[in-house]
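Shown here is one chain on its own, the form predicted alone, set out as structure tokens.
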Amino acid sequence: MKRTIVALAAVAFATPALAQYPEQSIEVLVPFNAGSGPDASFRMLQPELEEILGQPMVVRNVGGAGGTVGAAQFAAQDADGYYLAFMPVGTTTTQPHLRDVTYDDTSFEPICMTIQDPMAVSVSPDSGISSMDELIARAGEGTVTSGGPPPGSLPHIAQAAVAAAYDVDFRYVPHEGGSAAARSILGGQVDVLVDPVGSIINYGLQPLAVLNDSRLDAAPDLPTIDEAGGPPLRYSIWFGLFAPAGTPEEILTALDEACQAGTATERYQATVENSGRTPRFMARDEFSDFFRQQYQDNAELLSAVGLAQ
């Protein structure tokens, strides 16, 4: 009887504490430098979450090693709801297969996705290639090189997936980033770049097909790869909010609901669209399933191209 009374008392005291969450500021780790894509993307959402949750959200930038330095620090934090992370697909679903890191897909609780920029296959406007069929025909002759960020990056993985799906070979030429690869394409040193659609358009490249299940408002004339006669490939650069594994259910629910409300505001939607990114809210349950599947799929693809550890 005494044990029962003590247990009930503990629940009585615990419930109001959780109901009042958050009672203090929340630290949000971004595993890249200030001004980076992940950093800029979270700062668009930051004021919305602060207004909804009623507490400041303090950004802490920890760059290094493709985001793995910060992600490893984050995975070791207390799961009390006062330390979150805003991380991209590469850090969370590809880097653990490329490096010896102290985290994996079980280290985090996905809360919500906020931005998802579909990737597209592109060429130089002066290449003489105007369709996926023409690109693949040229690749069949063994004359196509692709460029992009270092091996293991999402653009590298996506171009490998395209080549594998069409059973052709793209000789990959690593660059410091997408902009450097775009300059190589425009200069005639490289033939293909797979990168987010917005970036491709800004670089002045010719997109051939988007790796998405539907056309984009930002490029309504650009066919999906399915419409272009190819396989249903889906690759994008996405960003999402995470908590450490073991965070209480009530806190995760509160954060999920705050994300849903924050990403639905007109101010947030306009800010994201004006930045050239694609807003995409994915709630906790859906995002969790999506994240685990991406982790597995990228492990298999990296292994297939000989990059996985």
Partner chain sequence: MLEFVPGAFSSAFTFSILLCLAIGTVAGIIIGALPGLGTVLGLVMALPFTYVLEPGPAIALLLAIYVSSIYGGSISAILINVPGTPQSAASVFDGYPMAQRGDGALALGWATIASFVGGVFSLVILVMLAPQLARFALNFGPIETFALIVFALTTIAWVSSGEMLKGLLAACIGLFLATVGPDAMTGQVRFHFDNLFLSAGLTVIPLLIGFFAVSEILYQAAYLKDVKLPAVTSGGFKVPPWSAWKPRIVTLLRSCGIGSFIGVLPGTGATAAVFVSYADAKRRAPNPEDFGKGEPSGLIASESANNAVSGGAMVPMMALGIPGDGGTVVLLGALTIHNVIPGVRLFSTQPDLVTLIFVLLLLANIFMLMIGAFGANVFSRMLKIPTTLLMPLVFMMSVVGAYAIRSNPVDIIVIAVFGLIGFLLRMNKFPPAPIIIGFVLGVPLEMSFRQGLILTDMNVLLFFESPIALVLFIITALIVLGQFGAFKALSRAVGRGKG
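Positions refer to the first chain, counted from 1. A quick note: this is a predicted structure, and the numbers were derived from the prediction, not measured. In this text, rigid core is short for the largest set of C-alphas that superpose within 1.5 Å between two forms.
The same protein also has a form predicted in complex with its partner chain, omitted here; what follows describes it.
The contact residue chosen from 138, 215, 99, 234 relative to its partner chain in the predicted complex is 99, the criterion being a non-hydrogen atom within 4.5 angstroms.
Residue in contact with its partner chain in the predicted complex (any heavy atom within 4.5 Å), chosen from 173, 219, 79, 228: 173. Contact annotation: residue 43 falls within 4.5 Å of its partner chain in the predicted complex, judged by heavy atom distances.
At the 4.5 Å threshold, heavy atoms of residue 127 stay clear of its partner chain in the predicted complex, well away from it. At the 4.5 Å threshold, heavy atoms of residue 245 stay clear of its partner chain in the predicted complex, well away from it. None of the heavy atoms of residue 89 is located within 4.5 Å of its partner chain in the predicted complex. Taken together, the three residues 65, 182 and 275 all lie with some non-hydrogen atom within 4.5 angstroms of its partner chain in the predicted complex. Proximity to its partner chain in the predicted complex, taken as heavy atoms within 4.5 Å, picks out 34-42 from the listed stretches 280-288, 249-257, 236-244, 34-42. Residues 179, 182, 183, 184, 186, 187, 189, 190, 201, 202, 203, 204 are the ones in 178-208 with at least one heavy atom within 4.5 Å of its partner chain in the predicted complex, listed in sequence order. Relative to the superposed core, residue 123 shifts its CA atom by 2 Å or more between this form and the one not shown. Relative to the superposed rigid core, the position of the CA of residue 203 differs between this form and the one not shown by 2 Å or more.
In comparison with the shown form, the Cα-Cα distance of residue 297 and residue 142 increases by at least 3 angstroms in the predicted complex.
Between the C-alpha atoms of residue 142 and residue 302, a gap widened by no less than 3 Å is obtained in the predicted complex, as opposed to the form on display.
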